[in-house]
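Presented as structure tokens, the chain that follows is alone, the form predicted on its own.
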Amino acid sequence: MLSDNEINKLKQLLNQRKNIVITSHTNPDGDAIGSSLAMYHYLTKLGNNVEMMVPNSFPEYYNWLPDSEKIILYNKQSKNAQKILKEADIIFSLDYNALNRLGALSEIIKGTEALRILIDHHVDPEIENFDFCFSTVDTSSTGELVYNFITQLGDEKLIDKKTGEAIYTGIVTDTGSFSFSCNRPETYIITSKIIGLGVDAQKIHKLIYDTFSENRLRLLGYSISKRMIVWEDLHTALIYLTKSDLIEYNYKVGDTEGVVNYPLSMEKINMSVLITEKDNQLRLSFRSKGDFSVNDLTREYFNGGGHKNAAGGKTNEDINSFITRLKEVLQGYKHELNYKISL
């Protein structure tokens, strides 16, 4: 967290009308978009010139968020993005712990003279790459951390309904609608304060979770009925989707979000894996129950990382080779995966 000295320095910096760029990770999710917009609303109220930037597209069901249309997509506006970064005084890094999570943006940011401020809740932040680090793994979401950041700087009064909607989006999506990573009373206290600003939690839930297209719903059904493999002895289930599967169901960004969580609804399944074939690479999403750390697993074997119970990875293997290797790796975790959650 921030020391009193750091808070005073940041208050001084952010009240001097700076050129600020807010960045978040590749394949941005609800927490990345929500926390970025919340910080944008806050910093513009302080009188700064603020831009938001992500490496690539985000799901359309976040387009309802005020000012989301102002987010620059680097893969579509690279020249403009490079110019903005070159002129930046401060770069905020939200919802990622290492610059390599930015893909092509990473080297550009490393080459700037801008001050870097990290706000994140992933494990093992690369603190050497940032001038200020507001980081903890105990917080539900980066959205919640943005709320804490603003209040620590003494500006809670600047959090209005619009900012609250963005913060709530980060919290509700990164906790799976308060089903994981949400055992801290502080998360609910902050949520209560946000709703007190007039934020309509029910409406936001519908805007995010009840906007499936027919193709997305059919892809979900196909994923479970035709592409799910269950390894009962390993208490693990996986779902795999090929390029042709995605083409058949007219895949759009965000259509597979949440699919990895469904196998965990089975009583004896303690880990779930989603394998998606894209861009000549497999993208991997891991979820677990209880004390089994998919962060440790993905860091060790699958070029990834994240949170204890939610992590990602990648590999250049073909699907069949990866599935074979995954099963071999998990043989060494039989004992850890064989547990039952009880009160």
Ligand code: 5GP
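As the structure is a computational prediction, the values presented were derived from the model and not from experiment. All residue numbers refer to positions in the sequence shown, first residue = 1.
The same protein has a further form, the form predicted in complex with the ligand, not shown here; the description that follows concerns it.
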Would you point out which of 51 to 59, 37 to 45, 313 to 321, 64 to 72 contains residues with a non-hydrogen atom within 4.5 Å of the ligand in the model of the complex? 313 to 321
Among the candidates 122, 193, 227, 116, the residue which, in the model of the complex, approaches the ligand to within 4.5 Å (heavy atoms): 122
Can you work out whether residue 257 and the ligand are in contact in the model of the complex, taking contact to mean some heavy atom pair no more than 4.5 Å apart? yes
Under a 4.5 Å heavy atom criterion, is residue 101 part of the interface with the ligand in the model of the complex? yes
With the cut-off set at 4.5 Å between non-hydrogen atoms, does residue 285 touch the ligand in the model of the complex? yes
Tell me, yes or no, whether residue 289 is in contact with the ligand in the model of the complex, where a contact means a heavy atom of each within 4.5 Å. no
Using the arrangement in the model of the complex, list in sequence order the residues of 12 to 51 with any heavy atom within 4.5 angstroms of the ligand. 25
